[in-house]
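Just one chain follows, in the form predicted on its own, and it is written as structure tokens.
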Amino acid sequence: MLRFRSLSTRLTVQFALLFAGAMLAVSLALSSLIANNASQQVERQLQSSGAVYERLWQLRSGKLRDGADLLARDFGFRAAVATRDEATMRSALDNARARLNVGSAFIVALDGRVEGSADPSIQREGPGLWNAFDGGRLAGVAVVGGRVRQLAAAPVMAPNLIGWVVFAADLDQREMTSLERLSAIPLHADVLVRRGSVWQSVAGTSDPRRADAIVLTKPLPSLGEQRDGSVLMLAYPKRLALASARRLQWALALMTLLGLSLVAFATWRAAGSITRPLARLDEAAGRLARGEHAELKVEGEDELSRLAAGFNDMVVKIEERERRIAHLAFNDVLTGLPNRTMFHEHLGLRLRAGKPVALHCLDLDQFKNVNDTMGHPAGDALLVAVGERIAAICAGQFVARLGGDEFVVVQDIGENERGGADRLAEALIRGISEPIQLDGQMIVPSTSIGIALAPTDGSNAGNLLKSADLALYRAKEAGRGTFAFFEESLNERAQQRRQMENDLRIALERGEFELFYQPLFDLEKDRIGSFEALLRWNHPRRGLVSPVEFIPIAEETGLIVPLGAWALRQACHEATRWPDHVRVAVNVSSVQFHRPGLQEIIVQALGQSGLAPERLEIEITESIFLEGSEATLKLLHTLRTLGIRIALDDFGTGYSSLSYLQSFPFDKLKIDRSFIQNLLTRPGASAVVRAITDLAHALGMETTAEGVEERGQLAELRNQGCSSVQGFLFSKPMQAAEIIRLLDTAPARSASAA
């Protein structure tokens, strides 16, 4: 099978072959029809000519027979025949032969002899002719004297039959030629005589075996000894008979060739009109596959035009989708700003170009509170608004959102142009802090900014961003809403922090932690009511490490979870050695509340130690409500149902809200030491403490004042109705071994004594 690389060529060949086959079939059918029609016409002409010939034959035969009858009735001739007067017979026969223009005339006697003819070759034909004449056959063809002749005989009566007078006309080429001239068409006439199984021509020149002729044969009556008969054959050469048909066939063939040429040309043009748009479509598809823009010209409204229009629509949608994918790959979905990937590429290009830049790393202050209190939709709206403000303030600079509430600005600066970074940071802090309306509430956002300068603070994007992050961390430590530049000391602090993380993990495995206990004196019962367990770290090189240093790191790294579990188990176990009325209070981080398994840890600690749930007090801060959820409240209620006491620590600081006191029935409020330190010196401090104690009493809660260090403070707290106190006035945190001794001497160290 032929294979074509060109669709146009293939269509042209296929349609041309199809049309050629159809036209050839039609042409052959027409040619055959023409040939058959011509043959039928020739056959009809032959039939007509044959009829003429037959009529001529009969006329000739009748003429000879009339001549014979006339001579046979002549009296003198009959007398000559009867008397066998040879001279008279020959004279009469010669006269009649000349008059009839025949070749021979003779008498066949009753005994079969031939008389009246000087040709001896005729004598031997007499018996054969006698048989025919005697049988009543008086006309026909017979071989007489070695030649085929047309014979006609008439009986000679005197008065009885005494013989037959016979006239014989030669059947030769001259005779046939004379007959041919009588035909309107160029026929060849011949007389054939059958000898055995072979037909032989005896008068004409035609060959009956020739295949290039159309032949018509007519049987002729036979006389004498000729038994196989004779026929008159008329032949019409095909070359002449079909000459007119041949011209029509040639004309038809010429028209067929012309038609095929026209069909091939028309097919080529039609195929081209179809394949040219397809070729343009193929070429456009190739350009589209190479990532180039491709568009087809739409002409008309047919299927190809609609295909071109559909291709153009597809190209538009593909390009739009690619732009969308590229946008999503390099831009933040929420704010539309460039994302972290694009930021790294841009900053990398700037740094490789050797251009000095200032990288500002921004983080919104207290953004989590917005999400927690107003919901994530409001938080998203705030991020969008802040992103727009940053982009407006930093017009001309590269701005990106790295995720969450973290934004970055890549500022182009000159050599050692730190002042430009200062001014931009101040503008950002000032612009972002403009109030914004979210869900009907006025929000005043703020941001902290860490700044790193390239190439001083980092030669690649990763190091520079790390330096800016450290500077941001320092800015947040400085009180938020400010900015800080990166300094090498921040790296040292970061390294120290990483070292502390590693040491914490090792310390947890080695058991380097210890619980100290600080007593809480019950003012109503004038005795120690409970001990607060305080975590300490016995560092092998640094000695005793304050929880202020390592607890934040433990919370950030998640180590507070196993560390807090250990503290719970250890505190419960130690409390079982104390009197039944002395409880133990354990601080639980908000991180522990937000991780699964806290309830199981507390129950296991109680179960393993055997401590009654009522002797365990869980101290929490208000931060768990800021970061918590319904699950947190559900866990608190479950613990309280088990009998475990819940105390709210550091009440009055941070995000104190009276709604917390309504959402959960705490057993105790611990008044923050900041209210106690100025209790005797700040006007109104006592009224605040009084308000807290009155509120707690109204809600059925106990109160504990933290940081009591003076007798005057104790007296004032007693006057304001505080339930218990805690502070250095009574005791510093102590090791577990010292508690028994303290409890033994408790009466002497009672609050009254203090």
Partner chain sequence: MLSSASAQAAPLLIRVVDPAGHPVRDAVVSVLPASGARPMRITQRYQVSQRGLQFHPFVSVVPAGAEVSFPNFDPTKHHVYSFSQARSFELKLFARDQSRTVRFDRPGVVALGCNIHDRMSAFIAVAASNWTAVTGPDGTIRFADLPGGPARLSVWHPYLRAPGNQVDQALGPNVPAVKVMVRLRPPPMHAMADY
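Positions refer to the first chain, counted from 1. All figures in this text were calculated on a predicted structure; none of them were measured in a lab.
The form predicted together with the partner chain exists for this protein as well; it is not shown, and the discussion that follows is about that form.
Checked against the partner chain in the model of the complex, the candidates R645, R78, H346, R569 yield a single residue with a heavy atom inside 4.5 Å, and that residue is R78.
Shown without its partner, this chain lists P435, P159, G607, G196 as candidates; in the model of the complex, only P159 has a non-hydrogen atom within 4.5 angstroms of the partner chain. E487 falls outside the set of residues with a heavy atom inside 4.5 Å of the partner chain in the model of the complex. Taking the partner from elsewhere, R280 is found to have every heavy atom lying beyond 4.5 Å of the partner chain in the model of the complex. Although the partner is absent from this view, L260 stays clear of the partner chain in the model of the complex, with no non-hydrogen atom inside 4.5 angstroms. None of the heavy atoms of I185 is located within 4.5 Å of the partner chain in the model of the complex. Partner contact region in the model of the complex: 78-86, out of 78-86, 528-536, 547-555, 281-289, criterion any non-hydrogen atom within 4.5 Å of the partner chain. Along 122-136, one residue reaches a heavy atom to within 4.5 Å of the partner chain in the model of the complex: D134.
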